[in-house]
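Presented as structure tokens, the chain that follows is alone, the form predicted on its own.
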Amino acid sequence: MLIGEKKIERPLRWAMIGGGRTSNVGYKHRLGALRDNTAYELVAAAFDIDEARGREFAENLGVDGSRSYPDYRTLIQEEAKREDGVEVVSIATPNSTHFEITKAALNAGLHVICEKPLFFEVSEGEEIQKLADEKGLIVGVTYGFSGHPLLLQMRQMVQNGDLGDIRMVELQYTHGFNATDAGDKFAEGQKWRVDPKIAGKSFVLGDLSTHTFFMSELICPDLKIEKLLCDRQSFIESRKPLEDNAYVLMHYTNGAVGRLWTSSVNAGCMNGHRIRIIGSKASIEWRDNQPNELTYEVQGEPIQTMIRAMDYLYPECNEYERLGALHAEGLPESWANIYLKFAIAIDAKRRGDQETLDHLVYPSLEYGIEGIRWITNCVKSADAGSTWVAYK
């Protein structure tokens, strides 16, 4: 059980790029990184394209105003001059900037934690992979839901054969908060998400369902997609060519099939985020709005509800448990878990501890690249008239 004791020798000197006062995700990053004050120390930032607003915000968070910078280039340049300069940066900026900032940070010798979707093209991910390997640096991706402990219980149940042979994967991430175009016009954190020059090739496929797709990879690491079919819609006309609703069918190389629905126009839905894995002997289902419970259904037996932190769960599930079964965990704990794992990975990389890196389950660069590949294939299928495409 985690109780805040240090997992690495000292906190990493950390900076944020983006994630300022008007950001939808910046506070989640800070909650995750600083929940264990033994893992990170926020010492610098380039929070905002408005320099004055960014500095005021930084100072309100306790960051020295002299280390609040107008842009990422100045941050990297000035911090490199300091003996106590930053060691890792988090990138919480619009999608179109991720590649250039990540590349600049790696070239400066900094580890990177980046928002999803990582980049626009698989080739960009492969270029960053090569650069990170050359520099001996870690790049992590903030699939923020993936730190919920019960997902690791699901992973172990799949790997230990509790479900039998995996036959079906059911994925959903939907909500109704973009059922009108009001946010597209007035919300700073929303406007760029429906602009293809900034957001990329997709809206909800990249913004929502890459989370769920990664979680399915985490739970079923041996399932590989053979081909997929994507049908996407823009119910708000002004969002075209980007989708606000999509359906994806997937065929896996082992004969299993998958189905994903993602939408931000599911009117009235507050949070429709769920994962169901169906095997030849049993099924498991987890929902984001009930993250402390896992439904386990064995054919011919009563339905079971597993509760987070209980001793009957696999040890791998409880390793990153924080509060005990009596108290509910939520999204901040999930973010804290992935940020802690990023710190452990960075520390292991610096020490040359390959064994820790090989066994650490976290959203690494490889999974970020796979997310780009998945989006690319979805868009390719949809734009070809919703046809099956070979996954590559």
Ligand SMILES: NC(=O)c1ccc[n+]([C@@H]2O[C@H](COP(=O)([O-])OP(=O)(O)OC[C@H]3O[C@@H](n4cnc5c(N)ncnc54)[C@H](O)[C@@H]3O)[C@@H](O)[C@H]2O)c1
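Not measured: the values here are computed from a predicted model. Don't overthink the numbering: it's just position in the shown sequence, from 1.
This protein has a second form, the form predicted together with the ligand, left out of what is shown; the following refers to that one.
Contact check for E115: a non-hydrogen atom falls within 4.5 Å of the ligand in the model of the complex.
When contacts are judged by a 4.5 Å heavy atom cut-off, W261 does not count as touching the ligand in the model of the complex. When contacts are judged by a 4.5 Å heavy atom cut-off, H211 counts as touching the ligand in the model of the complex. Taking the partner from the other structure, the ligand in the model of the complex has a heavy atom within 4.5 Å of a heavy atom of A46. The three residues T22, E188 and R193 all sit with a heavy atom within 4.5 Å of the ligand in the model of the complex. In summary, the region of this chain contacting the ligand in the model of the complex, judged by heavy atoms within 4.5 Å and restricted to 344-352, 321-329, 59-67, 46-54, corresponds to 46-54. The single contact residue among N178, T142, S90, S202, judged by any heavy atom lying within 4.5 Å of the ligand in the model of the complex, is T142. A single residue from the set P94, G183, G164, G272 has any heavy atom within 4.5 angstroms of the ligand in the model of the complex; that residue is P94.
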